[in-house]
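This document starts with one chain, in the form predicted alone, laid out as structure tokens.
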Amino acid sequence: MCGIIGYVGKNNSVSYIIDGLKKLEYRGYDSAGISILQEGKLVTVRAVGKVAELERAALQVNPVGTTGLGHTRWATHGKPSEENSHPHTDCSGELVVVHNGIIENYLTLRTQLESLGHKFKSETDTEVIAHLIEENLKHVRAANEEEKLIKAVQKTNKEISGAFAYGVMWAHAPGLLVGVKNQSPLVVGIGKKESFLASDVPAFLQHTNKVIFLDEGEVALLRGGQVTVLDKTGQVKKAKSVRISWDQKTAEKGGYDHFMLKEIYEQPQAIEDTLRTARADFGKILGLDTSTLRGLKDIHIIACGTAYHAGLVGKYYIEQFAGIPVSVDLASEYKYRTVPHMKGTLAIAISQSGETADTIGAIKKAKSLGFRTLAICNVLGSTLTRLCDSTFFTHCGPEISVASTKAFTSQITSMYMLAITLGLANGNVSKAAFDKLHRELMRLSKAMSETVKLEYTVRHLTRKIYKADRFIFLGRHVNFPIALEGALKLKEVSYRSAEGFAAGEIKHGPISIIDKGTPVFMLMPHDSVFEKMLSACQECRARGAFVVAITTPDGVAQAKRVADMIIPVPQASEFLQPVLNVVPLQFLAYWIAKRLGCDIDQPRNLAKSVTVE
């Protein structure tokens, strides 16, 4: 997830673009850049770091021009560096592109373009768009330069695949900005004799609240205050504009009250984007060849907090599908315990930020023992990714809320993909079984889209229970870590006492803290341990607990007999069900915290990345 801003109008575009990038910095902040059309030539300024660094660099160059593009980056291909920062140019330096999303076939296109003589200056997937448009400009016929650019862009759109939104500016078509939307956000703002192109409304809201939300496959042509929209067939479309009533702060959150809520709703797209990069040979992405995968005899998963819970789910996955023994350690403990040296050990570090001090220390220890290391991380170029032998990136975009939601479900998704890939490599999973498991995984984002519709059900529930002193979460098997995560989420944002347990353990002590009215959340999809969970419901209800059953459609009828309330979650395969089951618990934490008046995005005493031990 990156931030795009473009301006074409009657004023100097630089201040509009820099200000817009500041408003979009929540979408990415490892580097930024601008290109301004000045007296028929493109002037480009780029800088590593936050937009403030770009602003300082731009003041030194002091470009002036009424048409420009800007970008704030969240790296997905190529480390954070000035060379990899947007905007990217073609060989001539007369055309620039800014881009948000992933070009799936960029390696194939890059090879083809290099064979035609194109010289690449970055490691990014974005640069292929600039060179491909440059190549297509040579072959399209048009009455004028603007029409030529439009046709070249349309031809390019047919040749690239993936989820993308991008903006284009060409020195030979001054006064024209072209925007393209395909599965990534792009909006147009219409002002007085000026137009804006952006990833999100906050970039230009202080200048205009008249907005066109582009549909999939559409191309926007911006000229001053005039905007033309072409549909996916290339025909002019009568686009409807709307008036946005949000204030600036609300707009940054996409209309949601908090980033946490926004990020819960972003989970279907985050899973889709994460899996998009795994559709190729997953082993090659990880830098692990088949012989290395077959040689793995032991796996250590290392993480903290929410990522630790993702690792616990991953243990079930790997042992089920790959048959390899797995230990899961809190990174803060792994560093100090005696770890036996075993040949064929893979240490997997899970971290959203890649900067968690305990996880970094633990992975250094694993490396000192000679273990191969793998990071599952959301931040390209972070310390953890530089330390590990290989990395799989979860493509969530920045997660602003301290309480992790979309990073967690993307981490679980990544662990599932790793597990079935290991199983295929070592023969524990047949090719036919792998294909079936892979198909189920690829349907997950659609099921997640249905699951986030449960917000109202959970919101209604919280009216009855938000004043409770303590909350209990119970699960078995692969849903036991989800019980732990549900309790952690509630503690993080509402400051209420909450505990997660394996349901079979309540008789061994925890049942003593259940009394009349205690809310107990049962994670009980209709699976191999469903009958056991029914028994746990009865045990808790007999002690006066207010029992809430989170179950799948086949379990609703039986669960109603032993629970006070049902939250029905869409059905997935048994091992993917936890990814969906956690969503109502995320909503639960959010709405209890909101009713209690807590600071949801920045809970007391907590930080997004714990960078000290």
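A residue's number is simply how far along the shown sequence it sits, counting from 1. A quick note: this is a predicted structure, and the numbers were derived from the prediction, not measured.
Missing here is the form predicted together with a small molecule; even so, the following discussion is about that form.
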| query | finding |
| --- | --- |
| Contact residue in the predicted bound form, from 273, 263, 492, 134 (heavy atom within 4.5 Å of the small molecule) | 492 |
| Interface residue in the predicted bound form among 126, 352, 479, 410, criterion: non-hydrogen atom within 4.5 angstroms of the small molecule | 352 |
| is_contact(residue 421, the small molecule) in the predicted bound form, heavy atom dist at most 4.5 Å | no |
| 4.5 angstroms heavy atom contact with the small molecule in the predicted bound form for residue 356 | yes |
| Interface membership of residue 403, the small molecule in the predicted bound form, 4.5 Å heavy atom rule | yes |
| Contact flag, residue 398 vs the small molecule in the predicted bound form, heavy atom cut 4.5 Å | no |
| The small molecule in the predicted bound form: contacting segment from 112-120, 524-532, 303-311, 427-435, heavy atom within 4.5 Å | 303-311 |
